[in-house]
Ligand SMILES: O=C(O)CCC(=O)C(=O)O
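To begin, one chain is listed below as structure tokens, in the form predicted alone.
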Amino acid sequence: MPTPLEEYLFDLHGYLHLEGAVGSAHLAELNALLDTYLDLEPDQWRGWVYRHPGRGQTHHLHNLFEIGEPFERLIDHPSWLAHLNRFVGGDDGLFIDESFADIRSAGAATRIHSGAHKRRIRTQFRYHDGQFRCGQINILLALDDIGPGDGPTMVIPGSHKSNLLHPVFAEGAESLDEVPAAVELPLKAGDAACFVDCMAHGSARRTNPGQRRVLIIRYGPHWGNDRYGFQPSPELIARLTPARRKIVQPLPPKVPPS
């Protein structure tokens, strides 16, 4: 379970830094498999893996768990599973409504987005009667070191409870490099950021050569639905452990008998 200090900091800031969440051998497997999908063109499928169109210098590869068993191990990874159960809350279980790789080169950034002022149920932060009830908790796993100049994730701590719109939203900021109150979250390879999605966040612009590689897995209550409508393949469902299957497909489709 999260420690009392972790719970306090998550409530206060909206995020946690989970150091050394995934080991080097597992990271090597993830990177090697990911390399085999980097030739996908925008709006192209390979099996059940899809590259999102229109991301410019960024590869967005969706349906991560279809890539192979090393990715399946992330579904219920012990470094963050207890945190997710605590922060999503309740005893009904979890659901992953999105999983994707974000691979970007120099010049790319993620604009500032989200914020508690929107009051969206899907991404909400709530705490009531001793229980967290968050609509979406993100795990952002670094596949390589992400430091200054590498386009690190940036967040506005405490914005998961804000009532007001940050003024830069109206200005259309494309990255968080000069956004007041935003801070960088440098990550070593294998570190993970665990944060509630209604915290305002994005990234700095990458200025260094090379690639920034992260995996993003979004967890919420079991009654959620996939953000873009992606579905797991029958083959994936068949080979997952019961515990992982319950997170990927908590409510199996009900169909009449054949």
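Residue numbers run from 1 along the displayed sequence. Nothing here was measured: the structure is a model prediction, and the numbers come from that model.
Note that the form predicted together with the named molecule isn't included here; everything after this is about it.
Chemist: Just one of 228 to 236, 46 to 54, 198 to 206, 27 to 35 has heavy atoms within 4.5 Å of the named molecule in the model of the complex; which?
Modeler: Residues of 198 to 206 come within 4.5 Å of the partner.
Chemist: How about Arg213 - does it come within 4.5 Å of the named molecule in the model of the complex, if we only consider non-hydrogen atoms?
Modeler: No, no contact at 4.5 Å.
Chemist: Whether His59 contacts the named molecule in the model of the complex should be assessed with a 4.5 Å heavy atom distance threshold; does it?
Modeler: Contact with the named molecule, no.
Chemist: Would you classify Leu140 as touching the named molecule in the model of the complex, given a 4.5 Å non-hydrogen atom cut-off?
Modeler: Contact check for Leu140: yes, within 4.5 Å of the named molecule in the model of the complex.
Chemist: Within 4.5 Å, heavy atoms only: does Thr110 come near the named molecule in the model of the complex?
Modeler: Thr110: contacts the named molecule in the model of the complex.
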